[in-house]
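This document opens with one chain alone, in structure tokens, the form predicted on its own.
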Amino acid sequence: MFDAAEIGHRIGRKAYRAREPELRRALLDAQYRVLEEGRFPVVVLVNGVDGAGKGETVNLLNEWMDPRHVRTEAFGEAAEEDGDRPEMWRFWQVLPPKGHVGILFGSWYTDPILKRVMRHEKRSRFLRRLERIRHFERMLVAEGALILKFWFHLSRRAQRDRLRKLSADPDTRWRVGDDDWRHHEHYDEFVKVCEAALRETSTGEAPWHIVDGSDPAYRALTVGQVLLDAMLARLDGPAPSIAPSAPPPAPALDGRDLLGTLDHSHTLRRDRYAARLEHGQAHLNRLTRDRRFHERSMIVVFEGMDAAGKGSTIRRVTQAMDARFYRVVPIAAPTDEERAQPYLWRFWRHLPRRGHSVIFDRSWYGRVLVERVEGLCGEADWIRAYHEINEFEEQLAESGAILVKFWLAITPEEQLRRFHERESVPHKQFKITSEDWRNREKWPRYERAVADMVERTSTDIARWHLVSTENKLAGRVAVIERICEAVEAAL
């Protein structure tokens, strides 16, 4: 795979000086068009062997383009503190919004490759991480991103000569560290692992561009031209097509589904409710103060029809928890900042570190519920979201998060009663809007969307708990008891 990058590509100084000004002008013009149209972000990954000019190229791109609209981030091996959250968390924090350019020096490839080269991870784990990267990049492209992946290569001899030359000059020896020489000692293994990584992740949506790093002029013009051509092609042409995901299963012939078979008859007297609630809250408090919980995080998701009691149930849960270690994140329509990012971005940014909890009042499932029913995204978008959500939740579980998902269910008759109650009680009138009445008219479509959601995303890692809140008291107690069960099982 790297043979063509070892034949010694060269660009003469005169040819470089003749081509550079026009390339810079065209790149800057294309960058401003990307910014003005604001349709997609540009994500540039810079990876490769040590000494191949990665840093110089990053600096050059910032010089050639307007750095005010370029975000540059550098990544190495994952540090110990990065283990507090899923491995992809740190990359989600730096994704450029639509209209902007992000240059990731290192990127999500660095840690898997180095850990495999140094034999810190088995091949099966390495391949699983590459598979996750493919899914991640596919999702970014489907959400609109333009991804350019550059791999800078040098032969073993060229790398050795480059490191020696840099080390011999007092003005450049700071560029060469112990890690660079240590990696050079593992050059053959490094190239073997990198070749496997590039082969597995060079896809139609996000192909690799291998660049000979031995000649600065050739390297600079190659990267600049590839970047320019990709931006112009995207500006003047269609977004790349993504293979469609499998659709959800067809409704059962008898019309029955999980929601339709849920038992709403369970009730709880107020005196029994008070005793069980107090016992459940005390149990939850002890569990979240357990020293073993400090090595985990907890994420609780609440979804449900309007007036199903999400807010009142969340309040009973948080009464049992230390306010220093939890946050409630209410999810409404996305802001302009959030619309400029992939839909999962606003949830990744709220993930808790170890020892902490986050409660989502509505969540990432909006993509397959309200966005599906209201036509706020295309059919292909909400269909592929099932897999993206499952992958997201698998990463949460792998990082040690305790994930508990609730669908709070009521009947249409009970919802109507609660709507009228809200209208008649002054301090509850803020809870009822014309949007609630409009959503109620689409009850069958929402019910079908919920059934598909449960069918496709209730997994052994993160299964759905369907809780009837027809009787609010019984529903609140059931939720707290199930959270306790989940935490106990995890500890």
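Residue indices: 1-based, along the sequence shown. Being a predicted model, the structure only gives us computed values, none of them experimental.
There is also a form predicted in complex with a further copy of the same chain; it is not shown, and the following applies to it.
Listed stretches are 54-62, 452-460, 433-441, 37-45; the contact stretch with a further copy of the same chain in the predicted complex is 54-62, by a heavy atom cutoff of 4.5 Å. In the predicted complex, at least one heavy atom of residue 319 sits within 4.5 Å of a heavy atom of a further copy of the same chain. None of the heavy atoms of residue 250 is located within 4.5 Å of a further copy of the same chain in the predicted complex. Heavy atoms of residue 326 reach within 4.5 Å of a further copy of the same chain in the predicted complex, making it an interface residue. At a distance threshold of 4.5 angstroms between non-hydrogen atoms, residue 423 is out of contact with a further copy of the same chain in the predicted complex. Three-residue candidate spot 202, 216 and 391; no residue lies within 4.5 angstroms of a further copy of the same chain in the predicted complex by any non-hydrogen atom. Among 188, 413, 337, 178, the residue placing a heavy atom within 4.5 Å of a further copy of the same chain in the predicted complex is 337. None of 171, 236, 263, 254 but one reaches within 4.5 angstroms of a further copy of the same chain in the predicted complex through a heavy atom, and that residue is 171. Although a further copy of the same chain is not shown here, in the predicted complex the stretch 18-45 places heavy atoms of 24, 25, 28, 29, 32, 36 within 4.5 Å of it, in sequence order.
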